[in-house]
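Below you'll find only one chain, the form predicted alone, shown as structure tokens.
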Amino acid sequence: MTPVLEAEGLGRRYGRQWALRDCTLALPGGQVIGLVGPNGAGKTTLLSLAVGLLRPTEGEVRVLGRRPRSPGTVAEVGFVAQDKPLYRNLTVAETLRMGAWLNPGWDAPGARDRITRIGLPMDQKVGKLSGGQRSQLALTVALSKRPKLLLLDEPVADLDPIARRDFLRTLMSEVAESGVTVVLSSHLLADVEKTCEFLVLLATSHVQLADDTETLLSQHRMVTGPRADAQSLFSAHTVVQADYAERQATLLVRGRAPINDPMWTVRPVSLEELALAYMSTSLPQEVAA
């Protein structure tokens, strides 16, 4: 199956600063994919390259098997930018009519139904809508293109908890009904953990993780034990993060080999713990016994 988004050595530089570097990915279709990382990690840059708003400095990216700016790709990709760029002086109804005019495959009945369900007044100016209402309208416009791939750049970052919950419910309902593939960029790890089946983690402008979330969680464990014995774990596993107290060490390790030493307590890792650990800039140094 052709990946919905594929990058090979992809990079984008602004002057001397790399916003994204050596990005190689193959994202599967039919899933909700979480794109996480700290501010400045390259999330927005990756999405902007994928929709053709930016051109790569190096490497290439293909979306639905084609270049981002090809006519077929533009028609099949929905995008909600972080600032949700809607025309503030248009009403909700005028925004939908403009969407129909710009998109040949526009789903007018579906757009009206979504607006009715979320309770947006058709005659209300976009500029008078709340943040949550603007987010719902932007999502409606993107979904009404009937895209095969939907890219969302921090769509709930500025929403209160209730508006965020409503937005995610609308999104997941659409995924269930239409099967659209979603790439959801977010720094809200709890939302990613609840909604995403595949995780891409960027840090320091590079891809640190890209895999099925269940696979990633099964590969990592949190272990706690005597600091003096930590050296043995460094030799047998990849230690992603290490925290030390005077006599105790707590380590996030990656590896399939079992840890059978009774001196160590082993537990599963949460997606939030996993993501936060990989957002650090470097792997921990080995500790002296």
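Being a predicted model, the structure only gives us computed values, none of them experimental. Heads up: residue numbers just count along the shown sequence, starting at 1.
One more form of this protein, predicted together with a small molecule, exists but is not displayed; see below.
Participant: Can you work out whether the small molecule is within 4.5 angstroms of a heavy atom in all three of 219, 244 and 273 in the model of the complex?
Facilitator: No, because 219, 244 and 273 lack any heavy atom that approaches the small molecule to within 4.5 Å in the model of the complex.
Participant: Name the single residue among 231, 248, 39, 238 that comes within 4.5 Å of the small molecule in the model of the complex, judging by heavy atoms.
Facilitator: Checked against the cut-off, the match is 39.
Participant: Quick one: of 133, 91, 82, 195, which gets a non-hydrogen atom within 4.5 angstroms of the small molecule in the model of the complex?
Facilitator: The residue from 133, 91, 82, 195 that makes the contact is 82.
Participant: Would you check, heavy atoms only and a 4.5 Å threshold, whether residue 187 touches the small molecule in the model of the complex?
Facilitator: Although the small molecule is absent here, residue 187 would touch it in the model of the complex, with heavy atoms inside 4.5 Å.
Participant: Does at least one non-hydrogen atom of residue 10 fall within 4.5 angstroms of the small molecule in the model of the complex?
Facilitator: Flag for residue 10 set to no.
Participant: At 4.5 Å between heavy atoms, is residue 23 in contact with the small molecule in the model of the complex?
Facilitator: Result no; residue 23 lies far from the small molecule in the model of the complex.
Participant: Heavy atoms within 4.5 Å of the small molecule in the model of the complex: does residue 277 have any?
Facilitator: The answer is no: residue 277 has no heavy atom within 4.5 Å of the small molecule.
Participant: Thinking of the small molecule in the model of the complex, which stretch from 39-47, 55-63, 257-265, 221-229 has heavy atoms inside 4.5 Å of it?
Facilitator: Going by heavy atoms within 4.5 Å, the stretch is 39-47.
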